[in-house]
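The chain below stands alone, shown as structure tokens; this is the form predicted on its own.
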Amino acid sequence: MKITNVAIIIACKIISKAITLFNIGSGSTWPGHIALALNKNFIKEQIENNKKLKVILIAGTNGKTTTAKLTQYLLEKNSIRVFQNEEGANLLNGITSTMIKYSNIFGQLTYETAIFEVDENSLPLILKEIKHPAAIVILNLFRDQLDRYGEVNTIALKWEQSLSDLDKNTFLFLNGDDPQVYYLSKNLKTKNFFFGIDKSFMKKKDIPHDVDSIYCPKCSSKLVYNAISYSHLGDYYCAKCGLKPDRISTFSDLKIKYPLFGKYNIYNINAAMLLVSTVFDIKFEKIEKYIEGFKPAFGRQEIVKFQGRNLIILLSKNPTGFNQSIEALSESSIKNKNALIVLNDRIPDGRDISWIWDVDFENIIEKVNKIYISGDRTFDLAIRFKYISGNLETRKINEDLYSLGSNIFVIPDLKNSVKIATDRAAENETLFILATYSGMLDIRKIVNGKKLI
């Protein structure tokens, strides 16, 4: 006998309450595991049973959580009832858990809109369950977790195939500054819109070494760049086949006071603005009014108080992400900075850490007072910094702390590293934490006393 979705929802709500009650997590994935084990069509049936629900999917390598949270914020400011997978649980089980959380005991989702940030490799799987989303945002495509996802071309092909099944009722928002993302729009039946950033933000002239796709997605010739934002994003064209993006919304005519630093966040904010203005017909005067008050999610430039010091946590999970975090840290108006860099290699991070040699850690040395290194792969990161500093000797200070020089310290135990880095900070110093995904979750546990499950 088939178990109904209503019965599954009630049972999983009880399980989720127990997880929260005993402080073993936030219940963001396990209810979804259980629900999908009992009914593999749970998502599809919930969407079918809630036909009025407008579903928005946000995908891409970097920036999903910030874009989703900002979209929700702007919609709620305009009195639209909306929910999202707030904990960044962006696989099938996390999205299922979110649907369970916001369904009532009768299986109803009494909201107007659902926003789901989606893992880039899971987007094709989600589109098999949610066949008619109201809108999809694709932010970017960078090299990430090569051991799980493969090269960017592999993901781009999967996206292209899954998007081809969408009809003209879906709004598709693509980053026009990313060649492979822009080219996804070819031959689609969707309503296509493109966002980017103004060329005044594109300061780089030379192609950086962390690029992933500087060849034309149409004819495979090397692209010509007039200006570069970061990595392979920029103002480009193909001299051979004539590929050149157009109709890109940059909002350069608006006086937006961006609440987050870093060029990558200008992309995230512009994507959210284009989405809410197009799909929900929200006027830009309202968007400008509200956007300055936006507060970021945990691990995305949120300022956290810990032991009397300010911590700013920047999720940095791949070469481009790390380089943009370093650039954002460098350009921040905060004067006195220390940095804790956390490298893990767990399943959510990817086992392959060879990419750390593509990160411009050299650019952080002179921008901070002290650097601390920690995480599961502390010593791999320490070797990377040895080559930067030219100091090949490691000095043991005590059981928890080693020195690579006057301002670079190695602390293998993450909990100790947060405590030591905070204790050693002066009152006017801010600790920036650049961490891979599982490292960021561990930091959350240390700072807030609660992990995700």
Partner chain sequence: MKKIDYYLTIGWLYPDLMSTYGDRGNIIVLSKRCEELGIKADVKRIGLEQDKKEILESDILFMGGAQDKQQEIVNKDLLEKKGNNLKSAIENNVPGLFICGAYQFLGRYYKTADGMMIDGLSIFDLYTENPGIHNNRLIGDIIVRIDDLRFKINDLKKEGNIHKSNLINHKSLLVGFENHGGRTYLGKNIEPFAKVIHGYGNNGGDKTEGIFYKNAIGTYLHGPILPKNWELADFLIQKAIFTKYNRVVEIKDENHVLEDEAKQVIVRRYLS
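Rigid core here is just the name for the largest C-alpha set that superposes within 1.5 Å across the two forms. Everything numeric here is computed off the predicted structure, so don't read it as measured data. Numbering follows the first chain given and starts at 1.
Heads up, the form predicted together with its partner chain isn't pictured, but that's what we're talking about next.
For the options 288, 160, 129, 380, the residue carrying a heavy atom within 4.5 angstroms of its partner chain in the predicted complex is 380. Among the residues 235, 86, 345, 112, the one placing a heavy atom within 4.5 Å of its partner chain in the predicted complex is 345. Within this chain, residue 106 is remote from the site of its partner chain in the predicted complex, having no heavy atom within 4.5 Å. Although the partner is absent here, residue 296 lies well away from its partner chain in the predicted complex, with no heavy atom inside 4.5 Å. Taking the partner from the other structure, its partner chain in the predicted complex has a heavy atom within 4.5 Å of a heavy atom of residue 396. Remark: residue 358 counts among the residues lining its partner chain in the predicted complex, judged by a heavy atom distance of 4.5 Å or less. Partner contact region in the predicted complex: 214-222, out of 214-222, 326-334, 169-177, 305-313, criterion any non-hydrogen atom within 4.5 Å of its partner chain. The rigid-core alignment places the CA of residue 427 less than 2 Å apart between this form and the one not shown.
When the rigid core is held fixed, the Cα atom of residue 401 travels 2 angstroms or more between this form and the one not shown.
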